[in-house]
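Okay, here we've got a single chain as structure tokens, the form predicted alone, with questions on binding and movement later.
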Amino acid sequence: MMKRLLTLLAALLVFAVPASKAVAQSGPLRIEITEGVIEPLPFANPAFVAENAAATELARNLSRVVSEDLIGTGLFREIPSSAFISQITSFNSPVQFSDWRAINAQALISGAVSVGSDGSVFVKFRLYDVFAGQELGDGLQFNGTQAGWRRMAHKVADAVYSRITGEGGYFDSRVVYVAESGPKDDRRKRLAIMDYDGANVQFLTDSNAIVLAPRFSPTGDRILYTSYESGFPRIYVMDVASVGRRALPTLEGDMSFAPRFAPDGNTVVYSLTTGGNTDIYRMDINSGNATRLTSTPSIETAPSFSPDGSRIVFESDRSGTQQLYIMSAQGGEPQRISFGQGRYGTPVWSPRGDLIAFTKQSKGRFHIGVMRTDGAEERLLTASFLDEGPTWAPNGRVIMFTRESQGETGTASLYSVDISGRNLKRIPTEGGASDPAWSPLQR
């Protein structure tokens, strides 16, 4: 019977490019996913049990955020509490599975919260396969603080998502982006960081200088970005915890931009304009030693490492139009991978290593798309007046990007979409927002 639950969710997880296969697992069970449906899996998530009075409000808030995370994927549908026949009033009470089957709940989440005398928070939960009448995996528990209750909710949701789908979670992650304010002809931009769902916003820079292209390190503790505070674009590296920063070395008059970390966290690849020519360089950020990787009269920019650090994808107009190329991380002759009609840019390698996301401009429209690393099986996921700048969720199944509305007062907003092109939605932010970069899962 456990197979019934996993099979239903597996059918929903056809995110991969057609003819590819994804895998969901629970113990020895292995399911190959080759086609999908749209009907979300129904789940019940009764309010977490407050095991002492101090936990009453936290229990409600935790269960609410867990449900919001799951519903937001487009893969799950929550059964309203008004339909419940049974209630869970104690974490250790036996589950009346027949009552949950009667309302067609496929999965049941049971949780409890307590607050210690020192203000610490203790959260525990179990996930049940209702039709099998058994627990799906072992129960988990998390310790934290009241200020960090949202992180604990995201951790619960990640565990539920992973156990049912077999995929890694992405809820306990953050996004760094450019927060925008003011009229279009005097737009103010500063770096901000938030939870993946738009909560807990923190500003990292002021609005005295234009900032662009923030990018997380592989461990999520540092951010690369480009600032115009000197009048020329220059790359800075910032420590997220302290907000301390330093500029990467460049010669006076040179312009450096479009940086990204290598998987080792010690190397940066970026574009440098010197003498009127723009090429791709890599730098050891500890020593400052830089190596030139391309040398052509064309514009080479927007480099992104493969997850294993062996290759780099980038955009170039060396063929006469803006296209995507892949080369060795040590440089050398690149291979063109984009051949469709239109212009391609801002490529970024999936954390899984199987796909490359990109921006495409064709026939007056902008698109976010994905393709295989050899350029095969290109698929466009969105279309609008201006969509650009994709970034991958830590599990490689969701893409966040910038969408700008048309007109003189048009503003930029953040959107996300899964890699099937389904579940397009706006990410709530205060004011305009652009150029997102998704962090790895927090530690």
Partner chain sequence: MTHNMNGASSMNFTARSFLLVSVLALAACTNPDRFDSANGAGGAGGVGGTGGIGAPGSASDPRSPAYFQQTIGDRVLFVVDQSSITPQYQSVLDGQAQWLMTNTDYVAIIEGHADEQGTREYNLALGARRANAVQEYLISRGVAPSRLRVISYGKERPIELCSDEACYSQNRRAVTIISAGLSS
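Residue numbers count along the first chain shown, from 1. Since the structure is predicted, the reported quantities are computational estimates derived from the model, not experimental observations.
The discussion below concerns the form predicted in complex with the partner chain, not included here.
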{"property": "Ile71, Gly74 and Tyr128 each touching the partner chain in the predicted complex (heavy atom, 4.5 Å)", "result": "no"}
{"property": "In the predicted complex, the one of Arg163, Arg215, Lys124, Lys155 near the partner chain [non-hydrogen atom within 4.5 angstroms]", "result": "Arg215"}
{"property": "Contacting member of Arg245, Arg336, Arg343, Arg150, with respect to the partner chain in the predicted complex [4.5 Å, heavy atom]", "result": "Arg343"}
{"property": "Contact label in the predicted complex: Leu204 to the partner chain, heavy atom within 4.5 Å", "result": "no"}
{"property": "In the predicted complex, Asp138 touching the partner chain (heavy atom, 4.5 Å)", "result": "no"}
{"property": "Any non-hydrogen atom of Tyr281 within 4.5 angstroms of the partner chain in the predicted complex", "result": "no"}
{"property": "Heavy atom of Ala258 within 4.5 Å of the partner chain in the predicted complex", "result": "yes"}
{"property": "Stretch in contact, per heavy atom within 4.5 angstroms of the partner chain in the predicted complex, of 196 to 204, 294 to 302, 165 to 173, 90 to 98", "result": "294 to 302"}
{"property": "Neighbours of the partner chain in the predicted complex among 238 to 255 [non-hydrogen atom within 4.5 angstroms]", "result": "Glu252, Gly253, Met255"}
